[in-house]
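Have a look below at one chain only, the form predicted alone, in structure tokens format.
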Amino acid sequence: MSQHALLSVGAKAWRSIPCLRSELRLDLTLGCGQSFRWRETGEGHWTGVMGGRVWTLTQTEDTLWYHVYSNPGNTALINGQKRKAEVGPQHSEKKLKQVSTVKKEEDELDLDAVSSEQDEKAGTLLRDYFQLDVKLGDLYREWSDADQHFSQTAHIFTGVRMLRQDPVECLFSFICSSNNHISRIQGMVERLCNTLGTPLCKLDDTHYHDFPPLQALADSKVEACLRDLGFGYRARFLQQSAHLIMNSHGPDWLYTLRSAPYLQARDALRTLPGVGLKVADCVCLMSLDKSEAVPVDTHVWQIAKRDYNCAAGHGQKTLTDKLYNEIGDFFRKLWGCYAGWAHSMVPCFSLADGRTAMQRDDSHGPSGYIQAGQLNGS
């Protein structure tokens, strides 16, 4: 049986790129509720699906290490290119019984002889996914100069980065987030992928599947299929949004929003069923290159009032669209064009001074967008 790779066992099967821990903390970045595909499969080792491949990542003080597993017959490409298999729910029963064959491990877990060209592409994808061209240390200094709360906390929680996710995966994952918490969202996304996504490989007792393409999500039978899987009312939003995108815009539409202005992209996303301001901002920030997008919920609103004396919504009890935009504008003025990145540190402020501002029953890290019981996704 193939196993999850460990750097201490078979280092020849691993590749690396230079990356200081102060620029990237895997535990804080992958466990904070941005993506729901990553799990800690060994101490300091995170395994997940990205770019149609299964990866295990780990790090030392100045190096990011990665292992890419072989995917027999897989033709998935980077950044949303068409994938080989598009599977509808009518095939789900058969798919759930499929087991991908993986080359038997050698003594050092050398599962896939990666060519230099493949290695270069993998390194490029990893840099893009973590947006390593953005110098986080420089941003931390800018935010610390502008914000005393940030300056008091930044040295404790370094390395919290924004992921640049596939827009399809990001959008439909966050549609699942409405009134939900991290562990349940993870389970829903896993069931969605296992049922409708292309099988990639099996490690230990875990089957890994690619995220399903829009064509599969738009199938008319998907709503009933997902309701059977426990998605509730979100099943309709998933199928209807995929159907609307395919019929009215085309399969590449979400990717074109990366070049659209922020508010235009956000407004376009809000035309989709199940997508409100917060979900739209999460998708803009985490997959559409809108670093100024600031997802706001009641927790962020409370911190804006308590720690920043933000007067927006004084006397109001509900987070209206107008108030949502005012709070976002307040933080954009304070933090600048990477305000969405700085926003990832907001929950850390309360943790740093000992206050309990979040209900985090299942997150791996102190930073997060999803607070249990506090989501306003739609």
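Every value quoted in this text rests on a predicted model; they were computed, and no experiment measured them. Numbers follow the displayed sequence, beginning with 1.
Note that the form predicted together with the DNA isn't included here; everything after this is about it.
Student: Could you tell me which of 56-64, 312-320, 327-335, 41-49 sits within 4.5 Å of the DNA in the predicted bound form, going by non-hydrogen atoms?
Tutor: That would be stretch 312-320.
Student: Counting non-hydrogen atoms within 4.5 angstroms of the DNA in the predicted bound form, say which of V275, V222, L288, V160 makes the cut.
Tutor: By the 4.5 Å criterion, the partner-contacting residue is V275.
Student: Check each of Q215, S178, Q186, N194 and return the one that places a heavy atom within 4.5 angstroms of the DNA in the predicted bound form.
Tutor: Flagged contact: S178.
Student: Decide whether H249 counts as a contact residue for the DNA in the predicted bound form under a heavy atom distance cut-off of 4.5 Å.
Tutor: H249: no, not in contact with the DNA in the predicted bound form.
Student: Please check if G230 has a heavy atom lying within 4.5 Å of any heavy atom of the DNA in the predicted bound form.
Tutor: Heavy-atom contact with the DNA at 4.5 Å: present for G230.
Student: Can you tell me whether L28 touches the DNA? I mean in the predicted bound form, with a 4.5 angstroms heavy atom cut-off.
Tutor: No, L28 stays farther than 4.5 Å from the DNA in the predicted bound form.
Student: Closest heavy atom of R236 to the DNA in the predicted bound form, within 4.5 Å or not?
Tutor: The answer is yes: R236 has a heavy atom within 4.5 Å of the DNA.
Student: The DNA is absent from this chain, but in the predicted bound form, do C32, I182 and D297 each have a non-hydrogen atom within 4.5 Å of it?
Tutor: Checked in the predicted bound form: all three residues contact the DNA.
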